[in-house]
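Coming up is one lone chain in C-alpha cells, specifically the form predicted on its own.
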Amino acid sequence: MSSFYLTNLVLVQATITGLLLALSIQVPIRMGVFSFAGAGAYGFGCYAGAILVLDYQMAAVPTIVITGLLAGLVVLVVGLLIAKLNGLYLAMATVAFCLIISVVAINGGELTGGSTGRYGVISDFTMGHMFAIGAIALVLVALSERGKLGRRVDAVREDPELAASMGINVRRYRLVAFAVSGVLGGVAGAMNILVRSAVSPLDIGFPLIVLALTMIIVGGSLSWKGAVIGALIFTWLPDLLAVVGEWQELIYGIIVAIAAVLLPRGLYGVYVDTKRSVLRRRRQEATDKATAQTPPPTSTGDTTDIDRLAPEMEAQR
C-alpha cells in the first residue's frame, strides 16, 4: 500500500486539488448560480501563493489561509459586479474573469514572472496539511447540503421567487456562493503551487473550467459526492489511458460525451435513482405480501356488507 501511495503521490495530490477545484464550481451551481469564477480563483491562488512564499518567505499554512481569503474577497467583488446577470450571461462573465487572470499573469512583469511564471516555491507544506485541509473543506461542503441550510439552498436553486416569498434572502445566498467558490478555488490553487513548486500561465485559464465542469457533470453536480467521483475519475483516467498512446485524447473525449448524454444527472445521480427504485420495489413487495396475508372479511348470518355499513352511511347523512 505504501509503495502504491509513493508511486502515485503526484496523482493523489492532483486528486485533492482537483476535488477542491470541482467543489468551487459545484457549490455555486447547487445554489443556481452558473459561475466558473472558482477556476479563476484557482489561478489567482497559484500566483498569490507563489508570491507570498517567494517574496515574503511565508509559511505554508498562513499562505493557504491568506490566499483563500483574498481569493474569496476578489470573487465576491466579481459577484457584486455581475449580480444582476443570470444563466449564460453570468457564465460568460465568469469565464471572462478567468481569462483576465491569465492575461494579468502574462503581463504581470516580475511579480508574476510573465510568460515564464514563478518557480522554486519551496515551503514546509506536507501531505498531512493537504489531507487535513481537503477533509475540512469536504466536511463543510457536505454539511451545507444537510438540514435547514440544505433545504434553503435547494429552494434558492429550484424556485428563487418562492424562496424569496418564504423570507430567504436569495441575493445573499448567491453572493455567499461566489465567496465560497473563491475560497475553495484559492485554497486549491495555493496547495497546487506548494506541491508543484512552479506555475505558468499555461497552467491556468480556460482548461481549468473544462476540467472542473467535466468532473461535476460526469460525477454529479448537486452533491459533493458527485464532485468526489468526478475528481477521482478524471485525475486517474488520463494515467490509465496512457497505454493507448496517441488515441488517449480521442478515447477520453468519447467517454466524456457518452457520460454527458446518457447520464444527465451524473454517476451519483444514477446511484441515487437506482437506490430509490430498489427501495420503492421493496416497499411495494412488502405491501403486496401484507395484503395477501390479510384474511378477507367474513359475513355473519344473513348480514350483508351494506347492512353493516348502514349505520356509518346514516351518520354521514
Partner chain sequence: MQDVLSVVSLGSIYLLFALGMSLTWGTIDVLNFSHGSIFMFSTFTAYLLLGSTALPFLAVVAVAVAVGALMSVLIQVLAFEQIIKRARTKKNAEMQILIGGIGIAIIPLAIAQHHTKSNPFGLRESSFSVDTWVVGDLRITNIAVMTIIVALVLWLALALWLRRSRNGLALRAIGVDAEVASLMGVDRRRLALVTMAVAGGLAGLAGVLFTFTLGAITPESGDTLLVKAFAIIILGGVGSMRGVAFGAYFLAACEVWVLTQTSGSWVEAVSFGLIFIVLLIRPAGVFGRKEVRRT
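Predicted model, so just to flag it, every value in this text is computed and none were measured. Positions refer to the first chain, counted from 1.
Form predicted together with the partner chain: not shown, discussed below.
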item: Interface segment, criterion being heavy atoms within 4.5 Å of the partner chain in the predicted bound form, picked from 181 to 189, 194 to 202, 93 to 101, 123 to 131; value: 93 to 101
item: Asp288 within 4.5 Å of the partner chain in the predicted bound form, heavy atoms; value: no
item: The partner chain contact in the predicted bound form: Leu81, any heavy atom under 4.5 Å; value: yes
item: The partner chain contact at Thr235 in the predicted bound form, heavy atom, 4.5 Å; value: no
item: is_contact(Asn107, the partner chain) in the predicted bound form, heavy atom dist at most 4.5 Å; value: yes
item: Members of 206 to 241 lying within 4.5 angstroms of the partner chain, judged by heavy atom, in the predicted bound form; value: Phe206, Val210, Leu213, Thr214, Ile217
